[in-house]
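In the form predicted on its own, a lone chain appears below as structure tokens.
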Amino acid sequence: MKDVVIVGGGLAGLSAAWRLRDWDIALLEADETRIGGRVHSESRGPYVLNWGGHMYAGSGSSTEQLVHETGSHSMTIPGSLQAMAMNGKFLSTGPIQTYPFRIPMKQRDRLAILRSGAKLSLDVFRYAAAVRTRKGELPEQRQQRVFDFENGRTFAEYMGRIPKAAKDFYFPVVMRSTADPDQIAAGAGIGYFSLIWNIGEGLGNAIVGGASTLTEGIAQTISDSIELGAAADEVVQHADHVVVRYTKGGTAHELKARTVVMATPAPITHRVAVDLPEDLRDALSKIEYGPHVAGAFLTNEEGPMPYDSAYGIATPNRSFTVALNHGNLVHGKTSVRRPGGSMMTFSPASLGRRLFDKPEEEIIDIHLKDLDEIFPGFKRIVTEAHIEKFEFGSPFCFPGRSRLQPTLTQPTDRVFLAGDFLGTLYTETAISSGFTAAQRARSALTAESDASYA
């Protein structure tokens, strides 16, 4: 009998496995070829092609702890997160408040953007004050406060009736969370502007060498405990153990463990963990995800590019909501710009759903057409292009989500949950929830061991 079976080999499951590596563990991952889940990057010389999680928390975070403990390295992301390509104009420098005056548009549209921006700016500062860490509080208390902020209406309702130009200006930022403005809660949308405008705490680090160096490093440490191609079918609790049934290579298997960490997306956890408390299963069934369709493009330009000062570029009215200049992770560290680069494109929410069933080659052509219109000649410098699709891209905070949090975080006997659906900080939530699940499993194991000696 295993001490712990970890179901799911994404960032949350690997974080739990890292903290439990000195116990007798097994990690089951449904993917047949790789570990890491929605963290996926590949190196190409000095550059990295990235399709998944790319921004990570820094000082004082669980991410910082994991990076330090595993011997990985992180760096502050160079370049602005506030760049925008709109109406044929690309802007990456200067205060974002000046953008409406520098982007071609009608005067009435400028006024609408400025009016909406004034309201949004005040609420961004209100958000930053409301969610700021308070002395002596538990992380769970702060997370509940984040969920509670403006959680009674959607972001579209919060913004009210605004012209298309204002929607084009503000909505791509909100859609980075894999939800449309009429789906995501107002507070979550305001929180995105807090991140992008760098007000309060945010996710501003990247993993050196690509995000997969972190996940693959953990996987190498526990390689004897990992089973790829192992899709969990059922997790059933008994008085003194848990049974995990899974399928691998078309054959049914079964593992017994004293505890289990469920580190799968909420819909899978709901389906597989059949005898969790009913209120918990009900809460899991209500978690909502949007899809990810991400492109990665390796380039061979010889000199400076117009986007060199930018990292995140909002792209209204395109097939993707944001382009991410991963080449800056290399160029930002050198005084002389090296040849080459790497760009990521990201189609979430309704954009992702439109593209999801299309073949990779067609999506590449669609993304490249838009990149070439934003940066003329871009298509000619692309030497490699790939698309990655994630059905469960990211969970998003919808109106009423805050009411589910106490149930989702309630203690359970032998099955402990981990995953980014348990909070609002994506990669940081995945890691911190993995740590929490590992601690709860370790406490249960230790208590049983102590009782057996009593």
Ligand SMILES: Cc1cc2nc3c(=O)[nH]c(=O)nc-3n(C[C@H](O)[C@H](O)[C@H](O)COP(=O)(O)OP(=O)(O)OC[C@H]3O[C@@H](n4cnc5c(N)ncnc54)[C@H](O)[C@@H]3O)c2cc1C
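Treat the numbers as computed from the prediction; the structure is a model and nothing was measured. Residue numbers run from 1 along the displayed sequence.
Another form exists, predicted in complex with the ligand; not displayed. Remarks below refer to it.
Contact with the ligand in the model of the complex, defined as any heavy atom within 4.5 Å, is confined among 66-74, 390-398, 41-49, 409-417 to 390-398. With the partner omitted here, the residue from V124, I268, I364, A130 that has a non-hydrogen atom within 4.5 angstroms of the ligand in the model of the complex is I268. Note on the partner interface in the model of the complex: the residue among A219, A230, L81, A165 having a heavy atom within 4.5 angstroms of the ligand is A230. Using a 4.5 Å cutoff between non-hydrogen atoms, F169 does not count as a contact of the ligand in the model of the complex. The ligand is not shown here, but in the model of the complex it comes within 4.5 Å of a heavy atom of L11.
Within this chain, V7 lines the site of the ligand in the model of the complex, having a heavy atom no more than 4.5 Å away. The ligand in the model of the complex comes within 4.5 Å of no heavy atom belonging to H331.
For the partner-free chain shown, W51, G52, G53, H54, M55 of 42-72 come within 4.5 angstroms of the ligand in the model of the complex, judged by any non-hydrogen atom.
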